[in-house]
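Next up: just one chain, as structure tokens, the form predicted on its own.
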């Protein structure tokens, strides 16, 4: 926002606040004045009415006529109520004349006399709104103490105040707009024109189109003129520094360029050396781990495989049990295949392409990874589109890759969620997508998840090799793996590889 607009906005705010305060005080004074007028008129009417009631004596009919005449002859009077001591007893006789849509209604009753001070009060009538009440004590024709209560409507007063409010608001708006327009024009002549001139001079100097020896807009004796004269003196000093500063900058730039070039070369060498060292250390650790796994699990797996095969050869084995034994034997072989692939990790994967149906492969990976507890908490959605239903690739590597990704997705949803596994065809590539609604990852974790032995799981819960192996499998399949993740919004892993791989 420009300075002109800011000053005009400030002036408009101050003016609006002033007009609102003045209008509020004016309306308040007007309302009190009208209410005072209504009260004075009601007091005079009450005194005249009590004199008439005193002359009426004790005749109830004449008293009622006097109350009705009082209501009828005075506009704005809503109710007149007379209270007199009863002839016998402690209660009082009441006569009330009230204005209703049908005319003037008279009401009589007997009851205790409520205590009302001789003063005006603002009350709310159920149908007529705000009204003024006045209680006037007097001595009736019997010499007893009586009281006349008059209720006068304030609707007319409120209408007058409302009309005055509208007139005052229109006047204030017109005056405010006029003053704001006048202030806008005056501000442009006094301030904005000179500030624009000084600003254009500064822009010309920045663009090199202004002679630094020429004077700036320094007319006048106020603060802006003082600022312009100081700007001119500054330009004069800058002119002497330009040549020297330019020469020093050129020398410093040349020296800095030489040093930056040397530093970049050293940095590239350092990064390459560090990358090679890290890769060698991780490959060595991975080879040691794979050898340990193969040694520790190979013999027990051979024993389990032998006993399972012997069990499958028994002739008395029921068919359902035989099917379960065959599944167990297949799983033992799969575990042996996993161990072999761990050993192959140190030498690189060698895919063997064959024609594969993706739907059974996806179902097998989900069935092998999702346990009973996970199935109860996680909603699984699997989809294999027609273009990716049959591909030519290594089924073992794809199964291993899907198993690792699904296992990571399940671990990321300890409290349940939604798991989506999709296979589709995009041109010559097959796209595998595994998405979860789990905890997600931050940018720092996302940059390192494919590093060997990097894991965010608790100690003993993971080795940090699953995603590193997935990356190597994708590379062996001549594809790539990408990840999209945000903390609290889950993760999506996408693997792309050729749909028609060759052996």
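In this text the structure is predicted, and so the values were computed from the model without any measurement. Positions refer to the first chain, counted from 1.
The discussion below concerns the form predicted in complex with a small molecule, not included here.
Partner proximity in the model of the complex, defined as non-hydrogen atoms within 4.5 angstroms of the small molecule, places exactly one of 175-183, 331-339, 408-416, 246-254 at the interface: 408-416.
This chain is drawn without the small molecule; in the model of the complex, the residue among 49, 449, 34, 63 with a heavy atom within 4.5 Å of it is 449. Looking at residue 58, you'd find every heavy atom of it more than 4.5 angstroms from the small molecule in the model of the complex. Although the partner is absent from this view, residue 457 contacts the small molecule in the model of the complex, with a non-hydrogen atom inside 4.5 angstroms. When the small molecule is considered in the model of the complex, residue 38 lies well away from it, no heavy atom lying within 4.5 Å. Contact check for residue 53: no non-hydrogen atom falls within 4.5 Å of the small molecule in the model of the complex.
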